[in-house]
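Below you will find one chain, with nothing else, as structure tokens; this is the form predicted alone, and questions on how it binds or moves follow later.
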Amino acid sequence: MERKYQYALITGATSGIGYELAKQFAKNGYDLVIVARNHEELKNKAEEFKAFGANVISISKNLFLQDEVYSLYSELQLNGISPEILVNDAGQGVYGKFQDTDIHREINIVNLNIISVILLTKLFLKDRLHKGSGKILNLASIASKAPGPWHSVYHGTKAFVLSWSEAIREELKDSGITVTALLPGPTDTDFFNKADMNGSRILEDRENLANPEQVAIDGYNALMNGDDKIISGFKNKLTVAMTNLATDDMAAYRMGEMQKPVTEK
């Protein structure tokens, strides 16, 4: 395997789709900057990725906080590292009716899912534009395509990520920098547990959850191809196609029925 001597900066790289994406980059000759909050998890995953021959830099940051996003990029610049690829994977949700959920937690989710993403992308672009090359992969979701009762803030943040990604892709079309949005559906990761969503109907049959490795492969290939977006999985493509044909009210109703608690009549 030929080393590319280029760094991929990946947030949320110690679990789920972010971890699988980091593996894809390491297997394909990229060096890694992996970012997460847990020092021990970063250390363990760094050793794993090094086994593929990658140089790995681990940086522990709390991306709920703007100052930590800025300090992340400052540390890279101080060490003379200019990532060729940015993967904005880190994200969370919170489950429940909006009237009942914790507003402070939801503000944190907006900070992580939107604010940290646009800040990191802004810093990446300021670093890469004069070099005339770079690739950005933003984790959207099929949640970006429909209103999401019982998971409303998460769906709203992902709708932002998709719309914004498509907008800046157009702005950057002559810059040498591409922007790709990855739209997975429900995937077998710890996301649902962190979102307190284990009681949702969407998890009644966990065998229907996507394999995070396959989602990562789809995202990696789309990024390398310079595609604008990729919906991972045939079933999810059908779901999005049906959503596109439905009225907003109907799309919200269907999503609400899919996501409401198993105990809810």
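Since the structure is predicted, the reported quantities are computational estimates derived from the model, not experimental observations. Residue indices: 1-based, along the sequence shown.
As for the form predicted in complex with a small molecule, it is not shown, yet the points below apply to it.
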At 4.5 Å by heavy atoms, is each residue in P147, S200 and M258 next to the small molecule in the predicted complex? no
Exactly one stretch in 224-232, 35-43, 22-30, 49-57 has heavy atoms within 4.5 Å of the small molecule in the predicted complex; which is it? 35-43
Would you check, heavy atoms only and a 4.5 Å threshold, whether T189 touches the small molecule in the predicted complex? yes
Close approach of K97 to the small molecule in the predicted complex, 4.5 Å, heavy atom: no
Using a 4.5 Å heavy atom cut-off, state whether N62 contacts the small molecule in the predicted complex. yes
Please check if L9 has a heavy atom lying within 4.5 Å of any heavy atom of the small molecule in the predicted complex. no
Contacting member of K122, K131, K194, K173, with respect to the small molecule in the predicted complex [4.5 Å, heavy atom]: K194
